[in-house]
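Alright, two takes on the same chain below, each alone as structure tokens: structure 1 and structure 2.
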Structure 1
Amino acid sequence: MLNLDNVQKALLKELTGVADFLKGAFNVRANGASALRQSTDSIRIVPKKDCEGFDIFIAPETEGERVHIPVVMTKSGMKETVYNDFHIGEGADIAIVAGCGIHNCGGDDSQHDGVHRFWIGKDAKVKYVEKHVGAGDGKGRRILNPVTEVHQEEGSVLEMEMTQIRGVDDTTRTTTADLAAGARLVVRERLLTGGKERALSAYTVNLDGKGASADIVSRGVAQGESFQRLDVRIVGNAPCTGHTECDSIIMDKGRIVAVPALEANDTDAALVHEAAIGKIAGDQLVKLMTLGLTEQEAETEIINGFLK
């Protein structure tokens, strides 16, 4: 089917989770070029003229469709910046599955910087799933710097699910959002770093309209000598509600910095943050050991649950 090698296919499978994504709209990007692309009646994927990337137009009221835009990189030493702009029509209800898989066996750094911009129309509902996978045992580092920019019109809902489970040496993720009246943003971020990996994630969410709301929950586990930093800033410019929760487990020599920030510019902005960092609770390990698990197995079970 696709003009991809086996490593690329394996990465693709891990990113999309499904083999039948080819039924809907998609664009597969492999080693810096669009390997395959398909639009549907209601979802058009159009290459950009003056830079790398696409405009993705989703017709108003489109319902139940999915757009897959996986990126796979298997060539050591590649560095690219790609712009994908999503224009989501009013009342649409769709899912977007993005992801980047880097397999670096070579000695040079591979880097993918994806810039995703969303214009979400009135009352549209979008589920956005992004997965990062790194593999390969070369000396070259795997670097991902995703930038996400979100503009939500009245009554729209965006649910973002972002997962990165080891294998990416360096990530700086920047997410900004502005929400009009009644719009809602839900973010679930899951991060597991190990070795000498470094992951930074910064959010700025502006609740500009009456009744806008945001719920941003990030869970991280830092193992080995890895480092994570999370900055979540919620700004309430209207009567609105915002909640952020940063919950982290550190192991070995891992380090985590969590910096939740709230800014209220309206007396009716209700903003809450929670942040907790700690090692795995001893009594959790003991409990699972009394059920017959070894300490290692207990640790794995606790972390898998935590990051689910």
Structure 2
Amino acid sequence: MLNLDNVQKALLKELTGVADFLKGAFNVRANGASALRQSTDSIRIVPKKDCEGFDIFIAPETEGERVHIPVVMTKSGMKETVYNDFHIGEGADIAIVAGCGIHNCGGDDSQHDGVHRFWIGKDAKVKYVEKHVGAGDGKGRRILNPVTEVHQEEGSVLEMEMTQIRGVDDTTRTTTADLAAGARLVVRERLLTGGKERALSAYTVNLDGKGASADIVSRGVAQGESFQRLDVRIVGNAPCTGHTECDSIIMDKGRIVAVPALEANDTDAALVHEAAIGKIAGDQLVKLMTLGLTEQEAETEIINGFLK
């Protein structure tokens, strides 16, 4: 049983799907400190000595294991920067579940900046799931600034699911990656903002080895007076393939900017980008409303399906 209060447990459950008991390797960070930590024979979580955070060592050929590293914050006015480095051995096949939940009921801003760095060994496969949530009725803002740095060796695969569904007042999400020969990066980002929330998301991916590939797809919905900006830059430095896609729904007085950029430095670099921003189609609303839904219920169903 984790030593967390009910609000923290609710945040933990939303981030991981588990409220009280985590299996395998994990570290739960609550209000600036480690609430509980556990390693396994194949996965070691070692506290850093020079800063807040951990080194996570995953042994070569580790299969079927999962690492949980959620962060929950419930104290108004907290601000922290945490560094977690993942060292994934050759041939490993594992899942990493991360994310941060901030519940702010006070008048001061609460902020968590998480820096995650990945060193992914040859032929390793990693599924990385990161979710950010915000809650609380205080006037203090909920601020999250995740930084992700990826280094993929030959033949490795990284699949990333990045989700943020309302409640976060301000976020700057920065991701950089460099891929060796045959490495593959897949990103699926989902953002829903409302009120006056602001979400900036930037990716820079360098395809450095022959046969490297990247597929980055972002879906966003901007409601209220919120603002979203997506910058994606894919650089092909070898015979490679790259694809980026931004699909967005704009509502109310929301604003969305999509800036895809492709740079080919090899004649056999094949790079493609797609971008579309628009409102919910009227015929979609009418169709659902004829089934008995209100207009608001129909909008919710469409948005949920779009972000799924």
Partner chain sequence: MLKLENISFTVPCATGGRTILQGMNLDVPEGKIVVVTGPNGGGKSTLAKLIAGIETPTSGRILLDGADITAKSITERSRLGIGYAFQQPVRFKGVRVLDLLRLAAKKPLDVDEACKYLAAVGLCAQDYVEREVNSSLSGGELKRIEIATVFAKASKVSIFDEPEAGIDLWSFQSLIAVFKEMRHEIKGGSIMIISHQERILNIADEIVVLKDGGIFKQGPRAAVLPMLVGTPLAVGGCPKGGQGRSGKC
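Just so we're on the same page, rigid core means the largest C-alpha set that superposes within 1.5 Å between forms. Since this is a predicted model, take the numbers as computed values, not measurements. The first residue in the sequence of structure 1 is number 1, and each one after it adds one.
Of the two forms shown, structure 1 is the one predicted in complex with the partner chain, while structure 2 is not. Comparing the forms between the two structures on their rigid core, the Cα displacement of Ala10 stays under 2 Å.
Core superposition places the C-alpha of Thr290 3.4 Å apart between the two structures.
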